[in-house]
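Heads up, the chain below is alone and in the form predicted alone; it's given as C-alpha cells.
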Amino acid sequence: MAGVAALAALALAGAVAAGPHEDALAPDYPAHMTQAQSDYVEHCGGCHGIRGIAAPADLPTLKDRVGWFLCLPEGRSYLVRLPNISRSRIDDNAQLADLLNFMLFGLGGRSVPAGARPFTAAEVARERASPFTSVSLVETRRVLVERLVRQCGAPASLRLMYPAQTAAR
C-alpha cells in the first residue's frame, strides 16, 4: 500500500513522466491531495489511469467523457451502481460521493453538462444498494450510451471504451 501511495504521489506531482496516452491537458494534482483525489488514485487510477485515461486498456477512459453520464438520471444511477463503486471498500457514502464528484467534475471536465449537480451521500447510499452484475453491465452501458448520444449530444466515440479504440474490436 505504501508503494502505491508513493508512486501515486510521484506521478501526481509530475516527477514521473506521463505515459504516451496521458496528455498535457490532464488535471494538475496539488502537492497535498484531497481525500477524494487520494481515493481515486488508490481505488480507480490503477485501471482508469491516474489522469483518467485508460487507453489502450478495455476500460472506459474517464477524462472529458464520464461527465456525459450526468445528463440522464439513469446515467447518474449507472455510475454509482458500477461494481467497483457500489462494492467499494470505501464504506462512508459521503467519502464515496466526494470520489465520484472528483471523477466527474475534475476528470470529466468538458463533458459535464451545464447545471449538473454533485452526488450526495444519500444518493450514493440509495444507488449502491443495487449494484450491477458483470452480466448486466455491458448491455446496460451500451443502451445508456446510445441514449446519451441521441438525447444529450454525447459524441459517438463514447460508444468505445476510449476514443482511439477501433470499432472492430
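Start at 1 with the first residue shown and count on from there. Source: prediction; values computed, not measured.
Same protein, other form: the form predicted together with heme C (HEC), not shown, and the subject of what follows.
Each of Leu59, Val66 and Leu137 places at least one heavy atom within 4.5 Å of heme C (HEC) in the model of the complex. Using a 4.5 Å cutoff between non-hydrogen atoms, Val124 does not count as a contact of heme C (HEC) in the model of the complex. At least one heavy atom of Asn84 is located within 4.5 Å of heme C (HEC) in the model of the complex. Taking the partner from elsewhere, Ala97 is found to have every heavy atom lying beyond 4.5 Å of heme C (HEC) in the model of the complex. Although the partner is absent here, Arg128 is not a contact residue: none of its heavy atoms lies within 4.5 angstroms of heme C (HEC) in the model of the complex. Contacts of stretch 34-54 with heme C (HEC) in the model of the complex, defined by any heavy atom lying within 4.5 Å, are made by His43, Cys44, Cys47, His48, listed in sequence order.
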